[in-house]
Each structure stands twice: as C-alpha cells, then as structure tokens.
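The chain below stands alone and is given in structure tokens; this is the form predicted on its own.
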Amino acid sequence: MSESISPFHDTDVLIVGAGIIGLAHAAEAVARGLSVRIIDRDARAVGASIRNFGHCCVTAQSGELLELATVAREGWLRHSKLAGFSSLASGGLAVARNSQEVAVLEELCASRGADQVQLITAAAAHDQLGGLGDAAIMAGALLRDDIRVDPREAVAKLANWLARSPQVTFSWQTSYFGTDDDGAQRSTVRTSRGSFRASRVIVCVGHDLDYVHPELAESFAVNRCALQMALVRPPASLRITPAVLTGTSMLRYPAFAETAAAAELKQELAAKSPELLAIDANLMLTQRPDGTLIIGDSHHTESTVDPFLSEDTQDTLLRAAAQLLGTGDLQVLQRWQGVYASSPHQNFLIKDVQANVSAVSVTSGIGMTISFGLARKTFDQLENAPVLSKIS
C-alpha cells in the first residue's frame, strides 16, 4: 500500500530499513495484527540482503542461534509460498578434503544424529556436485535443515507481498532523522518526507547503525565487514542442489567450530591453505535458479571500508572454487562487495535506545539465516515488557 506523504500518519509499528531484517519484522508485525510503516532511504533493497549466497545455514548453528534459525527456516518456507518466490529445502553439503575435516563432520554427526547430519562417501559427494569435484574429496555430510532462496528475487518479492497488505505502508527513498518521544505511548519519527507517529519504532539498518545511533554502535563495537563475491558461469549442464560448504566454513560456523577436531583443522589449513586464511575466506558456493554460481567470500572488518576490490583476493577465491569443482577457469559475470554489520561481542543485538525505540541488528554474517526467528524474538520481548500498544 502507498499513500501521499503528509505529517503525522499513525501506525502501531514503524520500521526503519527494508532489508531482510526489517521485512521479517514487518511480516511478524502483520501476523500479530499490527499496522506497519516501513521506511528506507533507497528505492529498493540494495544492501547485504541481496548480496549474499541466499543460503539459510541452519544446521551449522548452535545454541540460541540454532533455535532462531529453525524458526527462520519455517518463516522462509511459509513466506516463499505467500510471496511467490522460490525456496529449496535441499539441505547443505559440507565437503571434506582432509582427515581433519572428516573428523569435524564425524564429530558433528555424532552429536546431532544422522537424521540431521548424514555422512556420505566421496563418490556420493561427487554426485552432489553434479559428477564433478576435487579429486581430493574424502567424504561429505548432508546438512538436513539448510534451505536456499535466490536473494535477488526473495527480498524484492517479500517486499511486494507486504506492500499488498492493507496493514502495511512503504515509504521508499525516505531517510530517518530520529525519533521524539510524544508521551502517551506514541513517538514522532522525523524523516526527509515529513513526520510519522508510531507506538513502536524498530531500527533495522544493519551496519549503518553508527549513522543513526553511534553511541550504541560504539558500545557494542559494531563495525563493517566487507566481502568479495562473484557470479560465474557454470560448466555446461551443471546442477548443484545444496549449498556447498568447505573446511573454511567449518572454522566459521559454530556447530563445526565448537568441535574438538576444529583446532587441528585450523592448523592444517594454516599449513596447507594459508592464502585462504590470509583473506579470512569462507569458501562456499550456491547455484541460482538460472544456473549461475555465486562464489565467495573473503572478509575484512573495520569501521569504514574502502570500496576497492582486490583482484588478488578475487583470484584466490576463484582458483579455490575451480579446484573444489574440479573444473578449469571460471568465467566471471559479475563481481561485488558485500557489507554487513560485525561485532566481536555478539551475533545480534536487540536494544532499546530510547522510549519506544528499539535497534535490531545482526552483527555477524547470518542475517538471512536467523531473520524471521529474530523478528519473533523481538516482538515476544516487546509484548512481554509490555511496551507495544495497538492503535485503537
């Protein structure tokens, strides 16, 4: 739904940011019968939400992150039907190419059970890779609960579906200037297109948290993590259904990294693949519906990141991906820099910053993975406070 902009339009919830975290919070608000306004400074989502693998990496999480990811998984599958975007409950494939990686997978399978993590032979892993794959592959593991969407399709269609709801109003190309407490459980939100009132304001601006609430970003040491990624043309007729993870992924995601075998794996990769650790790589790939492959990614964190891409870093990732697939050079169709919020202290934050205003950010690379689960957690906390009143 859209409308002309004039001062003071009341809604139950105003959400700042139309990336996947903001949209997931909007969907949760709609499910709870609340009216919602979503504002975003751009004309469509162009940030971290469309620059990723489209991989909801559920199985590799642990503890509360696994709980949030499991809720988010259901949310992705449900909203793919409602909003009309494709989703694949095809699981993930973790490939092991040395004994230490095999040990990590065996340990994870023993703790989770074969129904969640199924060990497979090298031959079966090659089959999952479309009959291709590095000759060094020793084994693999199928990760049952992982799902995939096309990030370039899913976020746009989710926004379009929300816009058709009579409970939702979008204000695109609208910048957030701050919130004033009006009392009586209402706040006035100041924007580049006038003022709006809401019972609750939820700020979901990811790594741009320091632009709108710098003290909060500083207190949680929220910085920007920049990634290098590429879209490549696949070998002819190649079809890879699961998202593909490697040994570097086992050092990054908690379910793998918390195993006893992970320490020896890190030493092995430092000795045999120092070029990957030097760029803090998470060598992964996913295949989009049109057959193209998303390849990535490197990681570099600081408060302000340069926009310049390194060809050396890109070459390192592409060589490693080609070796993983057992192919020749890969033809690059697109290159880009992803950026997401990163903190050494926590994976996400839900924090009240003033009366009736909460900031919600995922401060690790799992925004899509926990999105709908995090939105449910936010609203559960608001309802239990209680700090959210519905406009009568």
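On a predicted model such as this, the values are computed, not experimentally measured, just so you know. One-based numbering along the sequence shown.
One more form of this protein should be noted, the form predicted in complex with a small molecule, which is absent from this view; the next part is about it.
Proximity to the small molecule in the model of the complex, defined as a heavy atom within 4.5 Å, holds among 175, 90, 167, 195 only for 175.
Distance criterion of 4.5 Å from any heavy atom to the small molecule in the model of the complex singles out 339 from the list 355, 350, 332, 339. Listed stretches are 339 to 347, 63 to 71, 27 to 35, 320 to 328; the contact stretch with the small molecule in the model of the complex is 339 to 347, by a heavy atom cutoff of 4.5 Å. Proximity of residue 242 to the small molecule in the model of the complex falls outside the 4.5 Å heavy atom cutoff.
In the model of the complex, the small molecule sits within 4.5 Å of a heavy atom belonging to residue 208.
The small molecule is not shown here, and in the model of the complex it never comes within 4.5 Å of any heavy atom of residue 141. Taking the partner from elsewhere, residue 59 is found to have every heavy atom lying beyond 4.5 Å of the small molecule in the model of the complex.
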